[in-house]
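Here's a solo chain for you in structure tokens, the form predicted on its own.
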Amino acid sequence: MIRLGIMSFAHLHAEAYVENVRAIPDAELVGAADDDKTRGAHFARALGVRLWPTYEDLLAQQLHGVIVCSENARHRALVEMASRAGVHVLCEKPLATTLTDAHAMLEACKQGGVSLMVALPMRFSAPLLEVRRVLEARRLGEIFCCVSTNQGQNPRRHRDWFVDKRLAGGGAVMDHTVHLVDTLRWYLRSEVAEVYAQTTDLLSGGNGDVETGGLILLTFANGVFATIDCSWSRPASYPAWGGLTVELIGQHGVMRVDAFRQNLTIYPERSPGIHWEYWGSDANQGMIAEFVSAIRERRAPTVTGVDGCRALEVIVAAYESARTGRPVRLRME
């Protein structure tokens, strides 16, 4: 039995991960810990999870792995704590808010002899996997360019810290760019060479001190260029919290994928209002299953800390480009 714990309920995805772990026959959710005692008690009670007094107490329960769901700026401390305890880590995205922290986390896990996986569930999305198979078969031929979106609601309605730059590291660019950068790297098998970005804080009033919209242009080392709309542009009345699409223009045609199209739109007579009910695959479930399998099989996960670091490099460059108004070249390693 693979014994897992959750470190912090700060990120709203922690709530879903509880059920994802419980759905895996050979995995056991030993419990959780949270430095915010009120928050921890609330979610532990609501989800039926045992709450340990401290992170150290949780790590002492002979765990195989932990899922780190703290505020973005606090990932490093928890990942380093887990690595010192010899516990494998699945860290919520983005990996960190600075490259210094990200590199330190990679080194800590290397020194601790544990794996570091990053929560990039789109690698496990059935629609996106089908596109990957089409690309691998070269049915589109050479890819020339890509148009992608990860639009959603301002997450402040779920957790206030998302609009606190000190804790989140940024706004929509920090929150929504990472999935598309990782998907495009995965599809194109190439690294980002140049980043140009523009951001705005005009969307969704009461946004704190972070940007709420962003458009990013990427040029890859293989010559492909791609655009990313990472904006928190959906109103609170929208049926879902977000969405992700990718359109690829190739030599033999065009392919468009919507990662969250597998749903029914519900129009109830009473609240909570119009919403989506998903009938399709659960990318989070696939991601948690991969984390458990990697631990059980004593191998590296398919999405690693390096992948998280590559995505963060693009995010950092996007902020620099938005600040200066100039494209930013990335160092190719």
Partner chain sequence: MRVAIVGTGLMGGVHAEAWSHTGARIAAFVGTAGAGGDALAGTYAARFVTDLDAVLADVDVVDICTPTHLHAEFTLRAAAAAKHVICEKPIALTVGEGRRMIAACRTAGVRLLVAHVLRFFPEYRLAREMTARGDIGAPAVLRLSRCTFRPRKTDNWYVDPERSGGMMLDLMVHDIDYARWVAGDVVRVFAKAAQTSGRPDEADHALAILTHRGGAISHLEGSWAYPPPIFQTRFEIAGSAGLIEFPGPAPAAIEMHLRGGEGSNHEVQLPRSPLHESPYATQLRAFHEALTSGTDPPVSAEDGLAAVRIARAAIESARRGQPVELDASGEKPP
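Bear in mind the structure is a predicted one, so any value in this text is a computation, not a measurement. Numbering follows the first chain given and starts at 1.
In what follows, reference is made to the form predicted in complex with its partner chain, a form of this protein that is not presented.
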Using a 4.5 Å heavy atom cut-off, which residue among Leu90, Ala172, Val178, Ile216 comes into contact with its partner chain in the predicted bound form?
Ile216
Contact residue in the predicted bound form, from Arg139, Lys110, Arg189, Arg84 (heavy atom within 4.5 Å of its partner chain)
Arg139
With the cut-off set at 4.5 Å between non-hydrogen atoms, does Val257 touch its partner chain in the predicted bound form?
yes
Contact with its partner chain in the predicted bound form for His252, defined as at least one heavy atom pair within 4.5 Å: yes or no?
yes
Hey, in the predicted bound form, is Glu247 touching its partner chain, heavy atoms inside 4.5 Å?
yes
So, Thr227 and its partner chain: in the predicted bound form, are they within 4.5 Å at any heavy atom pair?
yes
When its partner chain is placed as it is in the predicted bound form, which of 95-103, 76-84, 114-122, 218-226 ends up with heavy atoms within 4.5 Å of it?
218-226
Can you list, in sequence order, the residues from 108-123 that come within 4.5 Å of its partner chain in the predicted bound form, counting heavy atoms only?
none
